[in-house]
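A single chain, nothing else alongside it, follows as structure tokens in the form predicted alone.
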Amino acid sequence: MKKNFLVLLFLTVFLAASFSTVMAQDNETLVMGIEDEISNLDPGETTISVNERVASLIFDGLVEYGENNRIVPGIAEDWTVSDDGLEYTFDIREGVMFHNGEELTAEDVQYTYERILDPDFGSGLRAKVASIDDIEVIDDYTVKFTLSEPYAPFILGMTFGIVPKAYVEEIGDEELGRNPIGAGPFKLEEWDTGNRMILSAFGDHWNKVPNLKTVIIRPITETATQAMELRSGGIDFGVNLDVGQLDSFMNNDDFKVKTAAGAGINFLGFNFEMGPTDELKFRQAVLEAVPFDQMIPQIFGVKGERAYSMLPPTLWPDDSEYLKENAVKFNKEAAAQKFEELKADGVIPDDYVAEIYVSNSRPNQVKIAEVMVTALNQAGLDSEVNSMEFGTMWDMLGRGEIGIFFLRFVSDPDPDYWLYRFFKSDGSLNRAFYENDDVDQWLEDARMTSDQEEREELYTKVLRKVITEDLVFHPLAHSTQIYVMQDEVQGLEPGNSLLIPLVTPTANVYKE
């Protein structure tokens, strides 16, 4: 009996592996590995990057990102802006269909944005479009947004996925996150949580019928496992390989390795409402104790470059030289002295252990956290790594239960989206619980003007204040986008960290 069970177990594993490989070898099927479990595909709630990237395959917006992240027409074929910058009128294409066969109209657009704006809905995207004062349906294919005040990056908020009003009202918000219906190039067929998601091509897509008939998305948090799956043919495309695994693919004719300039930021943060991280002297000591300049290039390698700004090198303003020059420098002796003084003053309790929180799906951040803990212990501060699932950590951050944390962030190509939500007193991503009246005013002023030079000056003030003076966050590394894929995958190019660019205004990925 035991022998029969072992034979059955072997056959099950063998067949599962064979199925994965066969699927990856199907020229009309793309199997991709992603770094985190998908939790919610409601485009009004996809503030976690992995959810946002997958939702981009299912939903389309009024406008889209084109080449070099320029805004181009999407569901809206054209739009006009009033001279005072307060009215945006969009002309919607006729015949745009949702996956359930219903036509997309201006009412769906109105419903999508009123839902995001509703405080009770609690969308993390609300801050991006909070300037909307009124949404008017002029006719089935025309919708007008009136703003309460000019908002320079408003058009980027028009990239949000449009949802079908009747469907959402019928099934409810929670169900939409699990059973999404959009007007994008792919539709959801199956979602086996923790295992895989299967999407199929939407044949009535308004722009392009995908070359790929099926896309299988597999959450694979371990980088070594993604590398193994690529080599075995279990996946066609991976995005989460560690530095040590990349070398074996770079000089291998069976694979392509493609890179793009860093569009994301890895950073260390502190809680301003929890002791002792609310003390500037403590934050200085932590940063002085750790040799970030030496360790980051060694750990990230080609996957990232040392960062001194919260903004990526693809975005303005570039104040990296000033921020680098004025960053806290490694000084182990000074750190040890500060820790001793803080203990003597009672700021650091006798039983205090600095817990460094990090997502277990961010291997490079975990390595930095481990080196950081060693350095802090050597400087006289008891500390330990607390590596956990990202969703759990994010919930704890929201409740103010974490003092020191690592995060990674990607967003739209405008500094407002990178700085307002993190550093505004009531910012939707202000997990540091940081408040400063000057910073609040600079961020508000930058939203009100369309003058590029004025906006650059204001954002420069914000960056210098929060990074070099108040030490809210400490930038670590700009993430380099790296795609590793089987050689037969064609037309798949990195460039926008918010998307999985399988079907875009400039691409339609296929396999030879």
Partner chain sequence: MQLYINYKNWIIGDKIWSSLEVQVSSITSVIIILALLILIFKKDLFSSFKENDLFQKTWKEFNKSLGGKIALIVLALIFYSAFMAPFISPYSPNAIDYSNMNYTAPSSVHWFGTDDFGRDIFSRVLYGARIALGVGFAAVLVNASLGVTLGLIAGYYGGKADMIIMRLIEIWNSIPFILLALAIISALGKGMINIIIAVGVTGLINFSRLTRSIVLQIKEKEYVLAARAIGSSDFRILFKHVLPNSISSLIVLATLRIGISILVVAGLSFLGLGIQPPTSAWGTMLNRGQEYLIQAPWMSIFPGLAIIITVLSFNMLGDALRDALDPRQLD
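Keep in mind that what you see is a predicted model, and the values were worked out from it rather than measured. The term rigid core refers to the maximal set of C-alpha atoms that superpose within 1.5 Å between the two forms. Residue numbers count along the first chain shown, from 1.
We do not show the form predicted in complex with its partner chain, though everything after this point is about it.
Asker: Decide if the three candidate residues A224, M228 and I299 all line its partner chain in the model of the complex, where lining means a heavy atom within 4.5 Å.
Answerer: Spot residues vs its partner chain: full contact, yes.
Asker: Under a 4.5 Å heavy atom criterion, is Q378 part of the interface with its partner chain in the model of the complex?
Answerer: Result yes; Q378 sits at the interface with its partner chain in the model of the complex.
Asker: My question is simply whether V373 lines the interface with its partner chain in the model of the complex - judged by any non-hydrogen atom within 4.5 Å.
Answerer: Yes, V373 lies within 4.5 Å of its partner chain in the model of the complex.
Asker: So, G244 and its partner chain: in the model of the complex, are they within 4.5 Å at any heavy atom pair?
Answerer: It does: once its partner chain is placed as it appears in the model of the complex, G244 has a heavy atom within 4.5 Å of it.
Asker: Whether K367 contacts its partner chain in the model of the complex should be assessed with a 4.5 Å heavy atom distance threshold; does it?
Answerer: K367: contacts its partner chain in the model of the complex.
Asker: P150, P73, P291, G275: which sits within 4.5 Å of its partner chain in the model of the complex by any heavy atom?
Answerer: Selected option: P291.
Asker: Would you kindly say which of D318, E384, E136, E114 lies with a heavy atom within 4.5 Å of its partner chain in the model of the complex?
Answerer: For this set of options, the contacting one is E384.
Asker: Out of 246-254, 306-314, 163-171, 207-215, where are the residues with a heavy atom within 4.5 Å of its partner chain in the model of the complex?
Answerer: In short, 246-254.
Asker: Taking the rigid core as the frame, does R362 move its C-alpha by 2 Å or more between the shown form and the other one?
Answerer: Where the cores coincide, R362 still shows a C-alpha shift between the shown form and the other one that is 2 Å or more.
Asker: So that I can tell if V290 moves, could you say whether its C-alpha shifts by at least 2 Å between the shown form and the other one after the core superposition?
Answerer: The answer is yes; the displacement is at least 2 Å.
Asker: C-alpha of D83: shift of 2 angstroms or more between the shown form and the other one, rigid core aligned?
Answerer: After core superposition, the C-alpha of D83 moves less than 2 Å between the shown form and the other one.
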